[in-house]
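Given next, in structure tokens, is a single chain: the form predicted on its own.
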Amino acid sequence: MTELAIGIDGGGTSCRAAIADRNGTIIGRGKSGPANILSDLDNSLLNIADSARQALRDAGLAAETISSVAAVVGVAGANVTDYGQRIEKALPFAEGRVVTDALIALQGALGDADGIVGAFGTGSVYNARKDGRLNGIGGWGFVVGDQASGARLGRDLMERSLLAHDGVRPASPITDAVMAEYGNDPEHIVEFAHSARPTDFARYAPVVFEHAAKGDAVAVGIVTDAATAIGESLEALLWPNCPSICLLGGLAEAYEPWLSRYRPLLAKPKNDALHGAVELAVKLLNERQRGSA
């Protein structure tokens, strides 16, 4: 009986895989293309399997070993209709479980402990584990949700810049800079906004934080509103004696100074999402072996 577990972090830009023995010691790593299961299921399946084979090769194992391992794959969209089950049926592993990217991030950050995780990148999402039970909120996408995400910060900056241009709200160095970037023509901003993807808006997030740190009134207002939104979501999940809150993602560090009331609870994540997937895969392997004992 092969005693190997593979954890896979299926992201929008790449799939990362790591293979471990039954004690959780990582012995090989692999990387392949993206896993956008909602928009490209077939290629996502190919990349998930390819990243696993790369990890097997890195560990000095034959590619065919893939059919005897236990695997946990974390991907965005796993909880949408039947996508998770469709992937599970198509995976080449002896046993494969598909979970959300939020769950592997939670496991990586907290291990088996209780606590809350908030992730802030292009989008935003929250997860909590209390007494072993999971509760996730947010992550509804840029158009109707993802408050405090990079995409929303950039969108808010565009909105405030147009309000300043129209004389509805005061201008500031950051709105002046945005207007200058678009030739002081509001129609150019509107044109950009109509075709922009969330990642296009999100590239303005660092600019917002830079200006906020210098006391720019508009930038401070945008970040303060975002921090308020984070606080509201954390309060919806918090419980008395909650042991810790972990902030994850590219904007996590930037938000820390703006969340001072939660500072006593803020903790560094133990590990990343890939490590979380490996931990869950090792649990699956050990369950499988107990079941066949």
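The first residue of the shown sequence is 1; numbering continues from there. Treat the numbers as computed from the prediction; the structure is a model and nothing was measured.
Just so it is clear, the following notes concern the form predicted together with a further copy of the same chain, a form of the same protein that is not shown.
Chemist: Does each of N36, L134 and P243 have at least one heavy atom within 4.5 Å of a further copy of the same chain in the predicted bound form?
Modeler: So, no: the whole triplet misses a further copy of the same chain.
Chemist: Based on heavy atom distances of 4.5 Å or less, which listed stretch (96-104, 115-123, 134-142, 215-223) is in contact with a further copy of the same chain in the predicted bound form?
Modeler: Among the candidates, contact is made by 134-142.
Chemist: Looking at E181, D82, D166, E210, which is the one with a non-hydrogen atom within 4.5 Å of a further copy of the same chain in the predicted bound form?
Modeler: If I apply the 4.5 Å criterion carefully, the residue I get is D166.
Chemist: To verify the annotation, which of these, A90, A76, A193, A171, has a non-hydrogen atom within 4.5 Å of a further copy of the same chain in the predicted bound form?
Modeler: Selected option: A193.
Chemist: Is Q147 close enough to a further copy of the same chain in the predicted bound form to count, meaning some heavy atom within 4.5 Å?
Modeler: Looking in the predicted bound form, residue contacts with a further copy of the same chain include Q147, since a heavy atom lies within 4.5 Å.
Chemist: For F201, is any heavy atom within 4.5 Å of a further copy of the same chain in the predicted bound form, or not?
Modeler: Contact check for F201: yes, within 4.5 Å of a further copy of the same chain in the predicted bound form.
Chemist: State yes or no: in the predicted bound form, is some non-hydrogen atom of E232 no more than 4.5 angstroms from a non-hydrogen atom of a further copy of the same chain?
Modeler: Result yes; E232 sits at the interface with a further copy of the same chain in the predicted bound form.
Chemist: Can P206 be called a contact residue for a further copy of the same chain in the predicted bound form at 4.5 Å between heavy atoms?
Modeler: P206: no contact with a further copy of the same chain in the predicted bound form.
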